[in-house]
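Below sits a lone chain in structure tokens, taken as the form predicted on its own.
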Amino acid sequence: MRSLIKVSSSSPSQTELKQGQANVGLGGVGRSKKHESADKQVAGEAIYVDDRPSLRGELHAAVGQSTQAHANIISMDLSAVKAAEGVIKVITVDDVPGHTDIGPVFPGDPVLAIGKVEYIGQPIFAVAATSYDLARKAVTLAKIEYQELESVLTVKDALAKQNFVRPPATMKRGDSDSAIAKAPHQLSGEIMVGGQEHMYLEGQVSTAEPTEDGGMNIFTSSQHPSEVQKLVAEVLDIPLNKVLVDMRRMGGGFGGKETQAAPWACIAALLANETKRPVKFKLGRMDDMVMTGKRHPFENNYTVGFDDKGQIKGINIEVNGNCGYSPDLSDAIVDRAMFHSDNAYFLDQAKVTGNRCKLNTVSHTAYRGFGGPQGMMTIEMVMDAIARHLGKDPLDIRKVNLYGEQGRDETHYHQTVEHNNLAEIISTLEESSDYQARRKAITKFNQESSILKKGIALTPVKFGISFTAQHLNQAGALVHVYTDGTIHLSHGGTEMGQGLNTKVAQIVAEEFQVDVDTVASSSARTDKVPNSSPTAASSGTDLNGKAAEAAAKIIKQRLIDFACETYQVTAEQVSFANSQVLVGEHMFSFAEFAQMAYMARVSLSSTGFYKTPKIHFDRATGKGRPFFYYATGASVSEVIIDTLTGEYKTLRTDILQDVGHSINPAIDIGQIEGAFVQGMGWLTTEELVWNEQGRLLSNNPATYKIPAINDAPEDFRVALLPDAPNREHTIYNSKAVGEPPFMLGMSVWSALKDAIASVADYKVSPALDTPATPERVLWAVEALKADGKG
């Protein structure tokens, strides 16, 4: 077994992690470095959009919201709104000079309602007033008459009515129906997988400032500044070059600000355009939760055939995404749920169908994992069900179905799983976590304990890295070297707390072999790096790191050429190390050499560009290589439940994650810990509730529970797989770390099922929809007892 690089939550002093140090210089790639904004964030000095000083004449925006889930607007009296204290301007969709639809991919998202409403909370009109409170009070004075229409509020209703935001799709290999029928064993099942509120610390906020040339400057908390630029330009009917979007940092995004930051920027811009004054639009927390989309809830089902060893011979899976009222990103999200319906397992004969169900709720959107977690849940349920049917340990069933050598290495969408280390990760973690000994101890504990029951589960993750929309897999960067040797860096990625700017700065420092503290990262700005992709799909460092590396290499080559010409040496005689430039027998500080190059009229500025190679996918045939590579990992979680109340506690979690050659182990460890806890919260405590009229009831932090520190595992152990460079040509052979660990939270859900199954002597796999709240755990226990199996 490999020795592991570990961090334990109980031993924070052990977090000085080092990996892949052989070729690491002063730049610091491969070394832990704190987040570039950490000091400012702790001191409260980090500037977010709402912290910016008010602009002269700044107004505040609010919107009037629909009170109906689905209705025609018969009449709208806004006279009281216009007459309200502090109100400067009121607009409806009729006041939009350009495009009225701001759908990010497909139409269906009006910036303000056009004749009808399709969910409770949909913006109908907008107000600009002299204060935040006056704007919010004014919008409540509207008198709107509706003609109520039939609402679709469940996935089953949408399926029955074939109510979809986009057409269904299928991926298949072989003849799954025949394989299932011929298999010695068959099982069927279904699961409801709950959605999830993003609950970013900083809510949606944008400020729009009119410019002297009829343009607009936008300061926004957005993961996709270029899309905000495009949509603001379109609603105002002005060229893109008249819109500047500036994004320094977000207080969290998690996908909720990939497309759904744009509407508020557009509305602020429309009001600013009408009033010729700056307008800030900040959503209150309850409004934010009502008016912005969530992780898609899914309702999935399967039919599987398998042999006596538990190996799957054929399987049909159907994933049904609750997309809300409009397409947003749902086509790609349900695609990714379909792509990841295999998780880590070879599905020999398989058919996966995906439905994009249209409901009269807010349009659901991107969330960490982007549909992948919802897809993986079904196959993990299958693994548990097969194990209980055959009387085996679920881990044995998972291992027998893992992707393997040639012949068992192709996905149901016909991509070969290359460089597969799943078996190694599982066996390493199985040993390091003492899984087998703990399994025996837990079985004994459950035999002797009538009320408290323990459970344990080891679940793997295989997650594809790349945007599934091919054109998004590109990035640009801009690097300046100044004459004092300091470096300015701008790239198309956005910083939302994940440490992207820190990592990309480390990459640039590594190229020049200078101290990373001499590299300053600026805001993501559309006038510096144009046409940028969203910071999403775990690709922020992969794409922007490569683009910044390319820019740095261009400047570095110019410096080498200058040295060769000036000192009559070969390129091999020029080297960069320890903030020095060695030219033959001459040595200069990096700052000295930059000054010399400037005096010789050498350009010390360059753009860089990168596009991901190898990827392609044909949706018509359901075949291709949508992912550049796979990120892999596994987790073991142990839980204890109270069978009288359903309450539970996660006692211990062990994680082993492959991040390739880590650029910054401390940041990667933090991402893994945070992703796991967020994934665990999705599957346990975070429950979205709508009433029969389509109104969101879990609309504030008092009615929606995210994990707190006491929900985290009491014993939390995280390890990075060492000596495991990415064998694809990524930036410094690293692997993405943002999304893959989120799905490690599945081990907690599976462990809860394991504890519940002990009530029936492990002979039944309990039904446990998510989130697995204490109520649902109790219901599952009671169901086993009622069946006479417990």
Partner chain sequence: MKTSKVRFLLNNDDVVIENIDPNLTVLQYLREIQFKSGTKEGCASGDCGACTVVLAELDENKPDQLNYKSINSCITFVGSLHGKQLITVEDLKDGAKLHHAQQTIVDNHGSQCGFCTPGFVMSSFALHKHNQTPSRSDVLEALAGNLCRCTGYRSIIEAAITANKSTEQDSFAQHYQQTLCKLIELQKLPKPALSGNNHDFISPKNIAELAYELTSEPNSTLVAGGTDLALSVTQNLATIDKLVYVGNVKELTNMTETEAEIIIGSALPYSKFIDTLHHYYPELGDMIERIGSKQVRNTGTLGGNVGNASPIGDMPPALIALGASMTLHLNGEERTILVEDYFVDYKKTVLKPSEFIKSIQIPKPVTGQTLKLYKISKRIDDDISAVLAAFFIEQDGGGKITNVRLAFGGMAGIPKRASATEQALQGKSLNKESVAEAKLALATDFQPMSDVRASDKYRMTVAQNLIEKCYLELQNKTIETRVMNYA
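Since the structure is predicted, the reported quantities are computational estimates derived from the model, not experimental observations. Numbering follows the first chain given and starts at 1.
Not pictured, yet referred to below: the form predicted in complex with the partner chain.
Student: Sort through 29 to 37, 720 to 728, 749 to 757, 733 to 741 and report the only stretch with a non-hydrogen atom within 4.5 Å of the partner chain in the predicted bound form.
Tutor: One stretch meets the cut-off, namely 29 to 37.
Student: Would you mind picking the one in 528, 558, 82, 705 that has a heavy atom within 4.5 Å of the partner chain in the predicted bound form?
Tutor: It is 705 that has a heavy atom within 4.5 Å of the partner.
Student: Within 4.5 Å, heavy atoms only, which of 605, 186, 130, 685 is in contact with the partner chain in the predicted bound form?
Tutor: That would be 685.
Student: Could you tell me if residue 611 has a non-hydrogen atom within 4.5 Å of the partner chain in the predicted bound form?
Tutor: So residue 611 does not count as contacting the partner chain.
Student: May I ask you to check whether residue 769 falls inside a 4.5 Å heavy atom distance of the partner chain in the predicted bound form?
Tutor: Heavy-atom contact with the partner chain at 4.5 Å: absent for residue 769.
Student: Would you classify residue 701 as touching the partner chain in the predicted bound form, given a 4.5 Å non-hydrogen atom cut-off?
Tutor: Result yes; residue 701 sits at the interface with the partner chain in the predicted bound form.
Student: Using a 4.5 angstroms cut-off on non-hydrogen atoms, would residue 710 count as touching the partner chain in the predicted bound form?
Tutor: Looking in the predicted bound form, residue contacts with the partner chain include residue 710, since a heavy atom lies within 4.5 Å.
Student: Counting only heavy atoms, which residues in 243 to 274 are within 4.5 Å of the partner chain in the predicted bound form?
Tutor: Counting only heavy atoms within 4.5 Å of the partner chain in the predicted bound form, the contacting residues of 243 to 274 are 250, 251, 252, 254.
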